[in-house]
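Just the one chain here, the form predicted on its own, laid out as structure tokens.
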Amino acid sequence: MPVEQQGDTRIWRRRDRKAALRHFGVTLAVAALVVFCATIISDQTTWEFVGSAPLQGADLAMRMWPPRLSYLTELWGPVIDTIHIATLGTILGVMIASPLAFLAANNTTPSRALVRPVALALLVTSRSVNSIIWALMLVVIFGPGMLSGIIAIALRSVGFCGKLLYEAIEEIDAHTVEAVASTGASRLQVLTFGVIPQIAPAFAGISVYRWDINIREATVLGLVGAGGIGMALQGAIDTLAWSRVSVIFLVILGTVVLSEWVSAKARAAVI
């Protein structure tokens, strides 16, 4: 912290003159950028619609009330499909992510110059594309239905699970690995007895956590034709059946809350 001497008095300042000018310049540039972005957003916004939003929202809420609870019996199938999409997609994603994680980790990759960059690129590609985008492309390839949703969830899960898993692999205790290797164990045996036991709790926690996330994502994949309760939601919106939409919202909320509870219990049991 700079000190300025004024006569016999020492004055402590947070920044010296150069740092203060630099801070002022950065603050001014950020403020100018915010104003510029706000101007663009304002020019592209229809403020008449924004002004009438409370009235439109109230009107929509009145259309959605009361919920048509008799419609619940028709939603059990789509809810089960949604859970299947999330579960099977998570399993497939973890199966693909696991070998990629070992190839991407510094301490287990067979080649840091060739193999590791390819594995990291695949993980980054998976994380960069949202599951809705994956589903849009897969619906074109495989057609509408659960298969597109399962593969979309899996492709999205690969990057998430792979990244967290290879970071867990890189943080293992090297002494344990060296102890196993010193017995003359092969590379596969070192991985089996020296690495995998150390990352097993992290692997289980990551898998359960990703399943919880995938339950949420699977509920909306049906909006693009990838199966699940989202297809029922899209159909209700298209036919303006707002009393059914409110029931679907309640079912989605209940499903997400239940998955959160199951996920928390499972993580507490395995970690």
Partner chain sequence: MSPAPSSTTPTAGAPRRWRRPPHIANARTRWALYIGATLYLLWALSSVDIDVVRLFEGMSRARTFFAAALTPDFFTRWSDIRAGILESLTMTVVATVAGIALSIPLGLGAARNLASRPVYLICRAILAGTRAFHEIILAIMLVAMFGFGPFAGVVTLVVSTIGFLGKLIAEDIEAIQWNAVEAVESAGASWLQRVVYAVLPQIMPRFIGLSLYRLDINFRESAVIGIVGAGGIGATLTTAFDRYEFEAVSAILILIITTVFIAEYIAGAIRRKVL
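Numbering follows the first chain given and starts at 1. Because the structure is predicted, anything quoted here is derived from the model rather than measured.
This next part talks about the form predicted together with its partner chain, which is not shown.
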query: Which of 67 to 75, 108 to 116, 180 to 188, 144 to 152 sits within 4.5 Å of its partner chain in the model of the complex, heavy atom basis; finding: 144 to 152
query: Heavy atom of Gln44 within 4.5 Å of its partner chain in the model of the complex; finding: yes
query: In the model of the complex, Leu253 touching its partner chain (heavy atom, 4.5 Å); finding: yes
query: Partner proximity in the model of the complex: Leu233 to its partner chain, non-hydrogen atom cutoff 4.5 Å; finding: yes
query: Touches its partner chain in the model of the complex: Val220 (any heavy atom, 4.5 Å); finding: yes
query: Contacts with its partner chain in the model of the complex, stretch 91 to 130 (heavy atom within 4.5 Å); finding: Ile91, Ala121, Val124, Thr125, Arg127, Ser128, Val129, Asn130
